[in-house]
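Let's start with one chain on its own, the form predicted alone, as structure tokens.
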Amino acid sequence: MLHLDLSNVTPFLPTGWRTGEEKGLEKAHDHVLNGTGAGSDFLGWVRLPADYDKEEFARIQKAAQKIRSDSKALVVIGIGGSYLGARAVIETLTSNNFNLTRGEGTAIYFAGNGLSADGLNEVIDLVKDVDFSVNVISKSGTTTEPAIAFRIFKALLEEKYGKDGARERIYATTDAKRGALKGLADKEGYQEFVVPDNVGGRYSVLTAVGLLPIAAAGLDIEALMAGAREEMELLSKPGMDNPAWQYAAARHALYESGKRVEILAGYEPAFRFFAEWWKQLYGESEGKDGKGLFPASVEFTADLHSMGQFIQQGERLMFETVVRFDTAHTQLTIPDDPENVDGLNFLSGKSMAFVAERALQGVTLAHVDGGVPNILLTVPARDARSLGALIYFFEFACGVSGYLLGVNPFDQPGVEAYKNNMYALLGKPGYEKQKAELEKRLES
């Protein structure tokens, strides 16, 4: 079970701050569970850990087994929620060097999440001489970055295996009924998985969007769903003893007191992409209507030697949410040095886990003394069950937080602005007037 510690937040807030948040939390909780608020069409994730499509889940496991048997690599093509969740889970449960440490397993490469020729060419070079498959993830099939990448890798597969052979190595995760990718998948006979209509991209990691790549990496998706299901049952109960209420209340109270940045801090390098997933979840859900905490992340202790100075003594506009894993995958003991050149023999015989825990405690005390509130979230282990619980905790708390803030947590109207400008400047049909206006601005 996850454990939330707010003891290093309460000194920064007025007495009775929890009580002041309770009425808003009750309303927000009802919005999330019963669909009584804005964006209720996108609440399919709420009951997903219990109500997921069991037949499709079995097909996901079967497809993953096939990929692992016939492919040395899987290229996962998607952007935003179509790749961050899968990468977050794969790396957190294994290593940020997963493709180097997997042994004889299938390597997982991510493409279509940017517009770098160098980045795409690097993935091409990594897979062109081995057997590989592609999982293209897009609800529409027309989003620029993944659509370009899919064109390239589809052609590469067809050149390598022929159209019939390529067909057996392309897995399309897309809309159930409509869209360019759905039409192509039906026409070509690709195996298809569904992006549910009622689950937004940033909440989709526990659907086929995340589960197929995660299973292809050899990870236990049944345990992942079980952990999420246990957390779902816990968080469905209203009241101030609900940890999602506590987290949402603390965030909102700190925001109301003038904090503008939330830093997610982890002490495991493998946690980096979980933080990237978390940033999209909270940034896209809350950052609208001129409101919202700016989500940032740091990797400790490395970033204490870069961002540490600002966090300790810079403008007091942030607070930290620290994710701590209670147990490590491996143990390492610090050896004795007879000459004690580095002066660290006082640590001889101590474990790295002991040193890391003392570092976390010391950092927390220093930052709190420096005026930075700290939320501590302890996760039992870096295993699939615990990570499923952590994913669901942040998703549920995000929905509650968004409603508490007074925004729709499930839309993202601002994302279209850059897309429209890009389409116009690239010369997409129908954008001629906007293209002329933008080019005039660029010339001035």
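Since this is a predicted model, take the numbers as computed values, not measurements. Residue positions are given as counts along the sequence shown, with the first one as 1.
We do not show the form predicted in complex with a small molecule, though everything after this point is about it.
Please identify the residue among 280, 333, 198, 236 with any heavy atom within 4.5 Å of the small molecule in the model of the complex.
It is 280.
With the small molecule left out of view, which of 364, 113, 71, 143 would have a heavy atom within 4.5 Å of it in the model of the complex?
Comparing distances to the small molecule in the model of the complex, the residue within 4.5 Å is 143.
In the model of the complex, does each of 79, 82 and 284 have a heavy atom within 4.5 Å of the small molecule?
Judged in the model of the complex, 79, 82 and 284 all sit within 4.5 Å of the small molecule.
Taking the small molecule as it sits in the model of the complex, is residue 138 near enough to touch it, meaning that at least one heavy atom pair lies within 4.5 angstroms?
Close contact exists here: in the model of the complex, residue 138 approaches the small molecule to within 4.5 Å, heavy atoms only.
Should residue 87 be classed as touching the small molecule in the model of the complex when contacts are defined as heavy atoms within 4.5 Å?
Heavy-atom contact with the small molecule at 4.5 Å: absent for residue 87.
Considering only heavy atoms, tell me if residue 202 and the small molecule come within 4.5 Å of each other in the model of the complex.
Looking in the model of the complex, residue contacts with the small molecule include residue 202, since a heavy atom lies within 4.5 Å.
Examine residue 61 and determine whether its closest non-hydrogen atom to the small molecule in the model of the complex is within 4.5 angstroms.
Looking in the model of the complex, residue contacts with the small molecule do not include residue 61, since no heavy atom lies within 4.5 Å.
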